[in-house]
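In structure tokens, the next block holds one chain alone, the form predicted on its own.
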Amino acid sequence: MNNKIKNVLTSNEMIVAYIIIGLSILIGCVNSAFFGVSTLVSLSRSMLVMLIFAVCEMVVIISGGIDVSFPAVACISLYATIRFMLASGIDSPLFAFAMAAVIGISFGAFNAFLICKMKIPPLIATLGVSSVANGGTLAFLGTKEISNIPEHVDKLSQIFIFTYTNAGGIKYSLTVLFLIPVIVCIGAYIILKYTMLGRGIYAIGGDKNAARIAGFNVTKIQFIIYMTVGCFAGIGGMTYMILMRQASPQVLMGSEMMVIAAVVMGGARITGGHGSVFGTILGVGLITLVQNNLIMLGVPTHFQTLVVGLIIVIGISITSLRAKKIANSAKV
């Protein structure tokens, strides 16, 4: 077999794809209703927000960093925006996304400042910013859930790309907000593959000093990365709020580990320098598939977290072993 084809068939992305196919066949054998448009629509809706976060986190990890602050940034962005809009009487979806994005960019710049200028390790810096954002939300903005969303913002949850009705008359609708992660994925793919910025991101993750010697402005690129993550954390938070039709100050807290796991499972190395948009999509798809459909296999809800954890450990172990094998081959 051609080595190039062999490498593709044994790549991290394909390993995750094999797991997804195998799990899908298993679930489909138990419940034939799984193989249908309704399942595809439900999975697409479920992975929507997580995919926005995961693609941005992938870019950070490729650059050799990590960001655990995005759930807190998303929460303060969506909550502060809705509080302001209700107080001011503004009712514009465009304003909602713009304000959430600006708040997110501000926190992203704060992350970048701590990491680039203060030389604080990314995990510690973003963990601190997460505490500041979460604590600030609860202390200054409140703790109550808000269900009276501005009318025009709320209407976005009722605009669909298409609607599918199954044999039982049940409707499954794919929200227009699904276009957001599609745009994010396409944009990230183009930037990473075809631009000098993308090459710089991979270079910094591979060796920061070598990237600097090669002429890349490391500080500028890191500021762009973390500010972009903050921007889309705000947009992702607003998207989640619209889908749920209520604003909560802590609704996304705790989601960072699952997102990072999906990214690493998709082939991104936590040490930096490696990762792909396609792999991240597969990683998010696998975790969403497991979370949403294990009940079809008769797995009780309280066991689902355990199963997800085992799949993550196995998937990451395979990725790690493959990376070690490649490293050893290079030495030889």
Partner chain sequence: MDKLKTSLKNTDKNTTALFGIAVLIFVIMGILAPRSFLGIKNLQGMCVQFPEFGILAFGMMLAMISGGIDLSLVGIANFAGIVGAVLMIRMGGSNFSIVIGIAAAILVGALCGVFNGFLIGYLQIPAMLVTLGGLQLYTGLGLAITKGPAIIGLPPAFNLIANGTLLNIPVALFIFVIAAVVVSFLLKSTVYGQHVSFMGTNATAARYSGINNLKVTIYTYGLSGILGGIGGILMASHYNSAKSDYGSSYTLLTLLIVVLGGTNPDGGRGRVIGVTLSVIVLQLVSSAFNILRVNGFIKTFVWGIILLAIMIGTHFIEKNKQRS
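Numbering follows the first chain given and starts at 1. In this text, all values refer to a predicted model and were calculated from it rather than measured experimentally.
Absent from the display: the form predicted together with the partner chain. The rest refers to it.
None of 277-285, 47-55, 30-38, 301-309 except one has non-hydrogen atoms within 4.5 angstroms of the partner chain in the model of the complex; the exception is 301-309.
For the three marked residues, L123, L138 and M257, a heavy atom of each sits within 4.5 Å of the partner chain in the model of the complex. The shortest heavy atom separation between V264 and the partner chain in the model of the complex is within 4.5 Å. Although the partner is absent here, F95 sits far enough away that none of its heavy atoms falls within 4.5 Å of the partner chain in the model of the complex. Under a 4.5 angstroms non-hydrogen atom cutoff, the partner chain in the model of the complex has V313 among its neighbouring residues. Interface membership of V129, defined by any non-hydrogen atom within 4.5 Å of the partner chain in the model of the complex, is confirmed.
Checking S147, T165, T219, T143 against the partner chain in the model of the complex, a heavy atom within 4.5 Å turns up for just one residue: T143. For the options F110, F178, F223, F160, the residue carrying a heavy atom within 4.5 angstroms of the partner chain in the model of the complex is F110.
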